[in-house]
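Taking the form predicted on its own, here's one chain by itself in structure tokens.
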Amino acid sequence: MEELDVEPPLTLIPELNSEQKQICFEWGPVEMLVCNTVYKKPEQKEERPGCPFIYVVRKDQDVYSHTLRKLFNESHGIFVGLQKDEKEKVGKSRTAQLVRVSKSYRSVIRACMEDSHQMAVSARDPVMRAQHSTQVSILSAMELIWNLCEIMFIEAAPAGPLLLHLLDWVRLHVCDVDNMVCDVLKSESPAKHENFWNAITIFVLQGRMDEARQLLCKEASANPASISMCKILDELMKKMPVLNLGNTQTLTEIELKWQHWHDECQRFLQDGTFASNPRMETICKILLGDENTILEKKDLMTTWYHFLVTRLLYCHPTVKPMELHLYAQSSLDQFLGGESSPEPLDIILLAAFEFDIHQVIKECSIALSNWWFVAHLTDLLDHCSLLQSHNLYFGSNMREYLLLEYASGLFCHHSLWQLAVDYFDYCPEYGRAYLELHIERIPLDTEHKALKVLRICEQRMMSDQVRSICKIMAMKAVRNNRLGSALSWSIRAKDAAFATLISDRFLKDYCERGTFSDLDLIDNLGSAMLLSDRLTFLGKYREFHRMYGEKQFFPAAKLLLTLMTARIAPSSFWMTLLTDALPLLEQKEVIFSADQTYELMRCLEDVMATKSKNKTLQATGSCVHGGTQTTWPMGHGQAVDGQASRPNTVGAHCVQFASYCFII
């Protein structure tokens, strides 16, 4: 695409003045923080008060609109369905499928437009009423453009059916006549209503001959003197050749019938049949395609594209698609008459009539306030194979670029970010990279939200993001002293170092309180305990307690001895393991064998040697750098599961333990 040839709109921020104070700003992914600094301009000498507020300037404010959120949510399902549809369909079946998708998008736009209209009607606040009314106008323009693109690019109707589609387009979007007819028919004498002939004229301008003839009957009933003229005009409207979509007639046959009917209308006009009734004469001139007469009714048509379609209907009914842009430009010039300049909507419609898809997308990107329209329209046109040859200079094609921009805007909303994930999924070149960057910025306010984000990352094999999320949630849980949750998150992250840290916290809490918290989690670690040695120790140590509680003394003694000899326990916990052996030594039945007793004695010697070494270091005032001195936790005097109490000093532990071993 070419560079923008217009300046971007200015965003005014109240109370900020760059002439008085320096302005500080910080870019975010979809927004910018702006505030005054404490610094004044170098040339300023006097002190001036600054603005104490920080302003958030958002890139895409529309995501916070209630109506547009409905548009985003509803269209998301249509988009995903289109990507998953079978692409084996070709020819007419594929075109019909894409037309159905296009109509689904338009129905969502229209539903949102009706919601905005209801809000505008019910709003009491003038500001809110104006906002909703503006939203109605924007959505109406979006549907108008989309409908025309559907006719021109997706259906690609040939000469003949093209005009029928354009007539339906005008009738759908210029519907003031229906309200006018209701007012006319509700009156006591419809034929004498001030808008009676205006209603008939608009029906004729839109090619709605049946409705025009029905109203004309009211004139014949109310004014017997005009019965003969009404019958002739009614017959002319009835005979008007109409091309149906299922009609098998060729364009040549249609043109011959049209010319014959046109000559008949010309003859009645030249004969002065309607000379006594100027309104009927005007309608006859419209049927003849008199451009000056049609243009005189511009106030009834209201738009230049209505004038264009009426002009084609009565002057060029078999217009070819490639000729449309000539008639469109001349119709716009005649309708405006040099009194005003084309609006952005006019420029977009002209580009569509010229079959310039890229210009349509460019102008819509400039005129509309968000990326929804251009992203979904471009995706649909890409499925029509109309954008294959247009790649952007930085690598991604136009479809992917616009989808990435749209999805990036959704990520700044607290709930719409979930929709954006699917849009990134269907951007094959840069979608995954964008998703990885944006998903790391999602605030993990709750565990439920964190699980949602985690599930998305796991489904897409985003291992780095999975670890990052789990670490963040584990840290939050640790700060809140929720060790079970923290251990669960660290296991999910497969973070051995953090699992070791939390396992140490569990062991420390056990030393202080004599019981374990989160027993369900520790009892069901399974293979997850192999993540780290310390976690393995925690799981096996808890298993020892469970065996002891179930009076399985022999396997409990074997497991306890294994834990001591494996050296996977923290050094500060060695004495706890030795003292856990005391209740087993006190049993009437001999639990430990001679070899196991010698192993216990060796462990005791290691503990005593470490204790002696620490005392020597403390006496000499030396510091151990890069290592950990052995400290004996308080509270080891509590027995396993409430058994006999133990001495509170290390020396007493050792003496009591040694005495039992020697007795054995």
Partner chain sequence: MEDVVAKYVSQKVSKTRWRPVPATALQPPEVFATGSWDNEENNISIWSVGDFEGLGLSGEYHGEPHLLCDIQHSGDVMDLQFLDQERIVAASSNGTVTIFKHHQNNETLSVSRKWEKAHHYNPSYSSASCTGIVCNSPEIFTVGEDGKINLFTAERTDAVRTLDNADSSTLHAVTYLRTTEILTVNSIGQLKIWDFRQQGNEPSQIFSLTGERVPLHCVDRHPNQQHIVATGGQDGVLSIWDVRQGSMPASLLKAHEAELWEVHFHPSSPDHLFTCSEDGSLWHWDASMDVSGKKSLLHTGGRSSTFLSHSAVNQSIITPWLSNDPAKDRIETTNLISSPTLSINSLDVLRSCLVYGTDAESIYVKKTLFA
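Numbering follows the first chain given and starts at 1. Because the structure is a prediction, the values reported are computed rather than measured. Just so we're on the same page, rigid core means the largest C-alpha set that superposes within 1.5 Å between forms.
Below, we refer to the form predicted together with the partner chain, which is not included among the displayed structures.
Remark: P344 does not count among the residues lining the partner chain in the predicted bound form, judged by a heavy atom distance of 4.5 Å or less. Residue contact check for P241: none of its heavy atoms lie within 4.5 Å of the partner chain in the predicted bound form. Shown alone here, D520 lies within 4.5 Å of the partner chain in the predicted bound form, counting heavy atoms only. Contact annotation for R602: none of its heavy atoms lies within 4.5 Å of the partner chain in the predicted bound form. Partner contact region in the predicted bound form: 444-452, out of 218-226, 163-171, 354-362, 444-452, criterion any non-hydrogen atom within 4.5 Å of the partner chain. Here the marked residues S104, R279 and C284 all miss the partner chain in the predicted bound form; none has a heavy atom within 4.5 angstroms. Between the partner chain and the residues V177, A367, A569, A528, the one pair within 4.5 Å by heavy atoms in the predicted bound form involves A528. The partner is absent here, but in the predicted bound form a heavy atom of Q418, alone among Q206, S396, Q418, S408, sits within 4.5 Å of the partner chain. Residue Q118 is the only member of 112-136 with a non-hydrogen atom no more than 4.5 angstroms from the partner chain in the predicted bound form.
In the core-superposed comparison between the shown form and the other one, the C-alpha atom of D518 has shifted by at least 2 angstroms.
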